[in-house]
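To begin, one chain is listed below as structure tokens, in the form predicted on its own.
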Amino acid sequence: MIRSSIFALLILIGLSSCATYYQTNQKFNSEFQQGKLEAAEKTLSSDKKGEEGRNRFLYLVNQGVVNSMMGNYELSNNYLEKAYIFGEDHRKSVGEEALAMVSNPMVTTYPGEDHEHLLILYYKALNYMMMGKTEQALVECRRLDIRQYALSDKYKSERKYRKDAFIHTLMGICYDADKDYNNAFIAYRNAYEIYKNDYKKLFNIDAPYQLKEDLIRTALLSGFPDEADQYRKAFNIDYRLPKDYRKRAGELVFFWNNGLGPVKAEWSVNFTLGSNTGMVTFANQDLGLNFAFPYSPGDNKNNDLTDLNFIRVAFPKYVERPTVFSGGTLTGEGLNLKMNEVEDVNAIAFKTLQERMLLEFSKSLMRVALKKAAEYGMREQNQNAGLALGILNALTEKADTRNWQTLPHTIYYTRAPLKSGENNFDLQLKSKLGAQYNQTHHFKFTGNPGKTIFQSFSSLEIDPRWRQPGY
């Protein structure tokens, strides 16, 4: 009877705790994906733990994105600034890490991925640019530069994501809008080098055409005609600076956030246990994995982990949310401008997790080994309690499935000249699912001499055939 009650209680605990982060926030995710932003913000704000809980980083960045899309740019930046400071100050808690080793990593405070910390400043700079506050946007660009150096110092290998081309492009755009063409040229040049040397190999992404044209233009405006010629030949682009460029009415920089980035789920794998003197080895021949840890059962052979033939361990994985749209074009005022892919957030997310997968393997296997050792120790004192702990260990075993899930799948941009007065443009989105999914969105802009204005548009649609990952 007692044993049956223990089973029932543990099964209830297990079922309530094994959902992924995406599934535990189903209401907010559903409202956000449907573009019901006010409802999504209300649901988010109803989180009692909010800024204080272990998911505070995700609460802050989600509030930042939702409020930015609602046009609450100041409020959005307040949340994003808190997320930025959290990233600066966050240190791992020894107590949380110890607790994670006997339960699962979801009990720790989520620290944020490297690319997520960079994209905080993208949204902050974008908010300032939408408000016409170029100086404040430049402050965010300088902070981006500092974060860039920290990322480069963290990873030395050229085969790792250690530099972000889009962030340098964004810095160039901010300097460009402020008429600081020399710094804009340097930022664009840095972005081009990262696309050429890193992004092509890591993500198969070429430098955007718009970046190439901006690089030539700012070289000319900075008084570097030789560099401009060099890039004209390299890109095979015969761009010439219009004679009235400095007097023209103005420019538009249009950002398009397409789709939604990936969500995290979990997968599990069985390991065969073996032992050598003072070591226990976890091996999976199918995946070619082999990990050895120091371990000694002492004099009591009943405490030997290798009594088990197989052991199950859970790991995190990303699941892509496929986009509906394959590309976009900005048309109007006699122009037909292709939206240029500038950042594949989806690909970067997969890459960052892949790069630390060996570390994830080691941490997860060590966690399972400690939990099993505790179970065997308990069995010696009380068989029923040991059994209960073993079941509880199995039920609570899970991967960390948290990530910033309101980020876009891919970011695009283009630049258009504006005439004085009213300008009319259409953003035409082409769907890869058929013409019935194509969309057209109309925009009006007022051109002013020498002024750059900004516009962002987010398409939240994902492929309707996508199904959320199970657990």
Partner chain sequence: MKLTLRNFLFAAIVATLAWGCQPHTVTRVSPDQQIDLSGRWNDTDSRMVAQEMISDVMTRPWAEEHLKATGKKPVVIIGAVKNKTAEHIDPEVFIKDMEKEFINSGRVRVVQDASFREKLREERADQSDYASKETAKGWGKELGADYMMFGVMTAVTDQYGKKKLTNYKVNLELVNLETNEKVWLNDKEIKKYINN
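Positions refer to the first chain, counted from 1. What you are looking at is a predicted structure, and each value in this text was computed from that prediction instead of being measured.
The same protein has a further form, the form predicted in complex with its partner chain, not shown here; the description that follows concerns it.
**Student:** Report the stretch among 236-244, 69-77, 185-193, 119-127 that approaches its partner chain in the predicted complex to within 4.5 Å, counting heavy atoms only.
**Tutor:** Heavy atoms within 4.5 Å of its partner chain in the predicted complex occur in 185-193.
**Student:** Could you confirm whether Tyr149 comes within 4.5 Å of its partner chain in the predicted complex, counting heavy atoms only?
**Tutor:** Residue-level check for Tyr149: yes, a contact with its partner chain.
**Student:** Even though its partner chain is not shown here, does Phe224 get within 4.5 Å of it in the predicted complex, heavy atoms only?
**Tutor:** Result yes; Phe224 sits at the interface with its partner chain in the predicted complex.
**Student:** Find out whether any non-hydrogen atom of Arg159 is located within 4.5 angstroms of its partner chain in the predicted complex, and reply yes or no.
**Tutor:** Result no; Arg159 lies far from its partner chain in the predicted complex.
**Student:** I'd like to know whether Asp178 contacts its partner chain in the predicted complex, with contact meaning heavy atoms within 4.5 angstroms.
**Tutor:** Result no; Asp178 lies far from its partner chain in the predicted complex.
**Student:** Can you confirm whether Ala249, Ala416 and Leu418, the three residues that make up this candidate site, all sit within 4.5 Å of its partner chain in the predicted complex, judged by heavy atoms?
**Tutor:** Judged in the predicted complex, none of Ala249, Ala416 and Leu418 sits within 4.5 Å of its partner chain.
**Student:** Only one of Met171, Leu260, Ala83, Met339 comes within 4.5 Å of its partner chain in the predicted complex by heavy atoms, so just point that one out.
**Tutor:** Only one listed residue qualifies here, and that residue is Met171.
**Student:** Between the options Ala347, Leu138, Ala399, Met101, which residue brings a heavy atom to within 4.5 Å of its partner chain in the predicted complex?
**Tutor:** After the contact test, the surviving option is Met101.
**Student:** Under the 4.5 Å heavy atom criterion, name the residues of 352-376 that approach its partner chain in the predicted complex, in sequence order.
**Tutor:** Met366, Ala369, Leu370, Ala373, in sequence order.
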